[in-house]
Ligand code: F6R
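Below you'll find only one chain, the form predicted alone, shown as structure tokens.
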């Protein structure tokens, strides 16, 4: 059955459509972020020693991608917090950004409360909820983004305002031309990976993964956040297990785990590589992949396309986003519902 037919049959909330409108979301998110950053420009006068971005799931990925994009150019370290607990020594003298799409993420709210004791400055990126209410109560600036989207499909709204905030705060320096180039690349991805062509690269990747487990590997550089994103998208959209890890660290432990078991023959290694990866890390990957090859079902390598860092990062991300929805279709599942997460939140709220 063709992808278009599977979409009509399975995709009740049109997750594929949400992926395809990413360029329009980029434009809206960039505008929202720019408008908000103008009101937060006083942050530039605030002294802080690090940035802490607190969030979970789809809301946290935007922070990961921001850190990956900025890389060594960031003036101070950017740290992720994915927990209820925000240690005082991490929050102290930090610019704290609470990123919760719904505004009701328990872990992020707990981190927000902890940050109030120690952070040098605080901000939030949210569509509303309890986080927005606490920000209003505490006179903490909040960047309000549109509601009503699954958090993983709102990645533009969590990433681009965060970048605008970091630039306004003096953490980062980048030109608007990087955004414009990335927007053009995103539009090209939508054209290349749409369902009209059943054999486009994203559809082919989904077919490679059908009935298999994805091990997504990258270097701890530009595509680190993208590797996590691919894994999470396969989890949530395709309802299939996926795993991510990074070279060279995985060569010091995980590589040995490939030696025993028939399960590995059903596994596919997806290696995301970029021209800015450290040469020794690339060498680690070449050697490590050659040693794992006899045990894996398949190895697929993906070079980030040409262009600037933001363009390369988002184009690689979109390949995984499209593939995850197509894999859901091949798995015979609706990509939007996340019933186990909903059940977890219901149980934890008691």
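Treat the numbers as computed from the prediction; the structure is a model and nothing was measured. Residue numbers count along the first chain shown, from 1.
This protein has a second form, the form predicted together with this ligand, left out of what is shown; the following refers to that one.
From the list 277-285, 58-66, 318-326, 290-298, the contact stretch for this ligand in the predicted bound form under a 4.5 Å heavy atom rule is 58-66. Mapping the unseen interface onto this chain, residue 170 falls outside it, with no heavy atom inside 4.5 Å of this ligand in the predicted bound form. In the predicted bound form, residue 100 approaches this ligand with a heavy atom inside 4.5 Å. At a distance threshold of 4.5 angstroms between non-hydrogen atoms, residue 341 is in contact with this ligand in the predicted bound form. In the predicted bound form, at least one heavy atom of residue 150 sits within 4.5 Å of this ligand.
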